[in-house]
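Quick setup: one chain, the form predicted on its own, written in structure tokens, and binding and motion questions come after.
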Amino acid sequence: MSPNHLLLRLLPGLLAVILALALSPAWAGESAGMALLESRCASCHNISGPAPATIHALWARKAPDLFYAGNKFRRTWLVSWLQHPVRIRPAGEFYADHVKPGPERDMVDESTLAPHMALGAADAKLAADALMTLRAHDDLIAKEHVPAGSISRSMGSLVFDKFLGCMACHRVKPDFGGLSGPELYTAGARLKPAFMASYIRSPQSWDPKIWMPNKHVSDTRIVQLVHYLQALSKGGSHE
């Protein structure tokens, strides 16, 4: 039998398989989710990569990159947050664009910050599922292992603030801490442990021009910080 005749005999079966996949709920759901990201999220968020390669491009970024969202976020948190978004970065993506002088220190200029759109429950699930498929930097995640454990709030605070100075940029309560970075009192619920560990280890491996310094944190300190952030997300007072 000639190759052309064989292809003609196999073609109906191949078309049937392709059609079945196209009509399957999983395929349709993923396609719809990506279409939603493209139409409603991509104007502000980078969903295809790479990260900004210059300081100018970093300053022009409107919102956090999402092309590695599947390695960064917890799906359950995403589904909830997309329906009821609350600002993660107190002073927006680029701090200098959204602050004004205050009586004692810089203050967030709320008039310059737009609210994040909210999605309905069905769209939030579609978007979250699509975001979970965006998994750039699997290689960085594979290098991390954060064992289960805990740390006292007082010890965690000592590592976070006194030893490493993270409080200068990050908040550990809604009204306590720095303004230029994302708040971290929900990080344990929002972020996957391996991502937190990897980003602390080398922020520039994820975001080459980001201003967060690489403090060459030891493995022990990284685990302590992840456990501290997980503890913060469970509520309670800051010590």
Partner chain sequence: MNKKSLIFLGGLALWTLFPAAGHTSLAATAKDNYRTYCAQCHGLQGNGRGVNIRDMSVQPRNHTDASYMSQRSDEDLAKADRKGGLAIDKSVLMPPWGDTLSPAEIKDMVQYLRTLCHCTFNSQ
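Residue numbers count along the first chain shown, from 1. Computed from a predicted structure; not experimentally measured.
Only in words, not in the display: the form predicted together with the partner chain, which the text now covers.
Only one of L140, L82, I151, V99 comes within 4.5 Å of the partner chain in the predicted complex through a heavy atom, and that residue is V99.
For the marked spot (K62, R135 and R221), a heavy atom within 4.5 Å of the partner chain in the predicted complex is absent from each of the three residues. Only one listed stretch (191-199, 51-59, 64-72, 33-41) carries heavy atoms within 4.5 Å of the partner chain in the predicted complex, and that stretch is 51-59.
Within this chain, N46 is remote from the site of the partner chain in the predicted complex, having no heavy atom within 4.5 Å. In the predicted complex, the partner chain lies within 4.5 Å of some heavy atom of F163.
When the partner chain is considered in the predicted complex, F94 lines it closely, a heavy atom lying within 4.5 Å. Although the partner is absent here, T186 sits far enough away that none of its heavy atoms falls within 4.5 Å of the partner chain in the predicted complex. Shown without its partner, the chain has K162, F163, L164, G165, M167, A168, C169, R171, D175, F176, G177, G178, L179, S180 in segment 162-183 as residues with a non-hydrogen atom within 4.5 angstroms of the partner chain in the predicted complex.
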